[in-house]
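Read on for two forms of one protein chain; each stands alone as structure tokens, with the labels structure 1 and structure 2.
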Structure 1
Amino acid sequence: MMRFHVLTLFPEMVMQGLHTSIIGRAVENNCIKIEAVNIRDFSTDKHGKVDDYPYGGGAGMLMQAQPVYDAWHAIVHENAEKSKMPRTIYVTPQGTTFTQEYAFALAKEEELIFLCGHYEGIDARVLDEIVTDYVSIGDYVLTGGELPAMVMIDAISRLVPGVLHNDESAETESFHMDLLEYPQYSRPEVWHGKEVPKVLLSGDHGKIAQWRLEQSKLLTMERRPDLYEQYRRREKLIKRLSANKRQNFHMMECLASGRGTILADGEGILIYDKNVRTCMVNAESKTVAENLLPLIPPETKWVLSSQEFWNDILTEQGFKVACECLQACYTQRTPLPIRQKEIRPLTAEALPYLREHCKDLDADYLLGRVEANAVYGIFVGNQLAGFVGWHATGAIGMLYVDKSHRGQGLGSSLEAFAINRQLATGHMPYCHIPADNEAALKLQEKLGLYLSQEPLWYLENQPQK
């Protein structure tokens, strides 16, 4: 359950505004909890005064530090046993602009405090002590911070698991691929003399998808040229990478899925997947590669490259070569046949088994993949005999078959299952196989995957002590 605290002079405004419709239902269902704290209750003045004139003069009144600090302390104090302090967000026109991405980041927290100002602002000294994030919902000024806080709470809440029901959740995707939503139509077929576009009545799903994509592009071009430019840049880079599909499949999938940010697409290519703090790089020469270095985000954990000169350059930067792999890509569109059918998603119960057979993977990471429903087990007579999964990068992996069940095609079934699953969800199936794992490489060829010509190196950023 996600908890929101709102420090405000108008608690009833916040409570009323956030207790209707979907957010109200989420509160009732205990998916989220919203508490408004009245700053005035913490005034030490006998008239409940919380504001005063600014030193140095100027228009209007300023909220004083003491009541704001005490109201904040009342929340943080209750949770004093926790070493982790909740983020405190000050809503102000002078903050960082709130975006869908910011909403995703805040939705990962368990508890958030919103501080709503009024008058001309709040005494800077208390802000220095308690605020972690200065955030604005856009370049305009309102009479108070309550509406911006409510806007952000709404946007964050709908990302909390369970808040939206299945049929409501899809639209989160609409921004992801840098295109706006296509126009939609419902009954009647003719309204004010306007007909529903014929293609939508055709029942041809391929044609409909094509038409919708075309409409999305036209609409984005017209209304959001900035987004359209991003879309075009991505499509262009995917096309360029497709000249060497086997080598670049992982970059193409990263861009096509909307996860990748393009940091460079000239003589050097640099794509960053911030979900997994991974850079994918390619450069025309070592000099070009060296010039890309400053663009690698400092929080990067992994760099993937298929050019050996990166190994020298990055080793000097504190990276170490963790693995030499070959990339295997499934470039067909048709699903593979699966012999064994007993393949089911694994739950946290299977974690000890997974950990025992995935020793190089972090326990928290494994749990995260299980919770994301990205690990599947194969069962023989109701007994778990092996598993497969896909990484947060999109790569299929974690393939394991129990010693006692080898040689029966279980690994083949597991990988075919993962490939089909990636295809069905619109992904490009690929995996990275350690270059010396002969058995796994053989399996790839047997299933019809293409192996990359050059190796792919995983470089791991070594945290400096």
Structure 2
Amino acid sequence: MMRFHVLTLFPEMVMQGLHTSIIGRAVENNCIKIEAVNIRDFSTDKHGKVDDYPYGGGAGMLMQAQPVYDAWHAIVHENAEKSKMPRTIYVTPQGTTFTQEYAFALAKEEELIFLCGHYEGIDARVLDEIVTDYVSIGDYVLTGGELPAMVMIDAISRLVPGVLHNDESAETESFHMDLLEYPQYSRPEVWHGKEVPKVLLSGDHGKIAQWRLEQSKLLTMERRPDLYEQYRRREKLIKRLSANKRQNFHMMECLASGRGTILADGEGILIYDKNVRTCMVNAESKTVAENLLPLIPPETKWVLSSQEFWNDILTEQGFKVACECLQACYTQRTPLPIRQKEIRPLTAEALPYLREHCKDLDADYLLGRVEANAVYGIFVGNQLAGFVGWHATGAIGMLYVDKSHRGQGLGSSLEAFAINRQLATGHMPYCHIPADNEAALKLQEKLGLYLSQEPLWYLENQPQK
């Protein structure tokens, strides 16, 4: 459950504004928790005063450091046992502009503190001591930080698993894949002489999807030409990568899903997935690869490459070859048959079982995938007999079947289910199979997936000792 703390002088404003509609239901369903902390409660003044005149003169009053710090410390003290301090966001027009990408990054936190200023601002000394992020929602000035904080909490909450009932909602709205959302229509079919576009009444989902894409492109071209240029660049690179689809499928899907940022697309290609701190690289030569090194973000955890010279280059930079895989991709649009129907999402109750059979994956990572509704189990006689999931990169993985149930087609059913789910949500199904796992490689060919001709290497950034 994600927790939001709002340090404010007007807690009623925050709580009333955020306890309605979708966000209100998310609070009731324990998907998120919102707490408004009244800074005035921490004033040492008998009248609850929290402001004073600024040194050096000037118009207006300034919020004092002491009550702000004590209010913040009360929250942090409650979480003293946690190894990671929560990020503290000060909402100010001087900060970094809040974007959908920023919302995605903040949605991965377990806890966030929002600090709302008033009057002429807050004593800079306490800001220096407690604030981790200075964030703005636009180039204008408001009377206080409550409205910007509420805007950000709303945007972040919708990305928390379980808040939106429709799994696709957060991915199909404005700014996904650098395109604005297409126009939508409801009853009646004719209003003020204007008809609903005929294609939306056709029942042909393929044509509807195509129409919506074209409308999104037209709207973006007209209203946000800057976004449209990003979209065109991405589509051009996807087409270029498709010349060797089996080898580049992971990069194509990363771009097509809107997760990847293009850092280079000349003689060398470098795509960065900030959400999982992963770089995907390709270069025409070792020299070009060496020239790309400065573009790899320093916080990168993994590099994926299908060219062996990258192994030597990155090993010198402190990386270690963690795994050699073959890439398997499903290029058809036809769903696969599933023999075993008893497949359903797993909950946190299944974590001991998952940890027992996914020893190479971190416990927190597994919990995150479960909470994201990204791990499904297969049941035989109401007994969990195996599972499959989707990694944070979008790749299908974590496939496992109990030894006592192998040879019954459960593995095929699980992977077919995962493939069909990817197809239904518009994604390109693919997975990475360890090069020495012959049984898993045979399963891919049996299901009709194509294997890459060259290996794909995972290189892990080793922390400096």
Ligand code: 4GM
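What we label the rigid core is the largest C-alpha set whose atoms superpose within 1.5 Å from one form to the other. Here the structure is a predicted model, which is why all the values come from computation and not from measurement. Every residue number counts along structure 1's sequence, beginning with 1.
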Point to revise | Form predicted in complex with the ligand - structure 1 or 2 | key: 1
Check your understanding: Any chance the CA of Glu438 moves 2 angstroms or more between structures 1 and 2, core superposed?
Key -> no
Review point. Does superposing the core leave Asn30 with a CA shift of 2 Å or more between structures 1 and 2?
Key: yes
**Study point:** Yes/no, Leu115 Cα shift of 2 Å or more between structures 1 and 2 with rigid core fixed
**Key:** yes
Study note, to complete from the structure: Between-form comparison on the rigid core puts the Cα shift of Phe104 between structures 1 and 2, in Å, at 3.6
Practice item. After lining up the core, report the Cα displacement of Met15 between structures 1 and 2 in Å, one decimal place. Key: 8.1
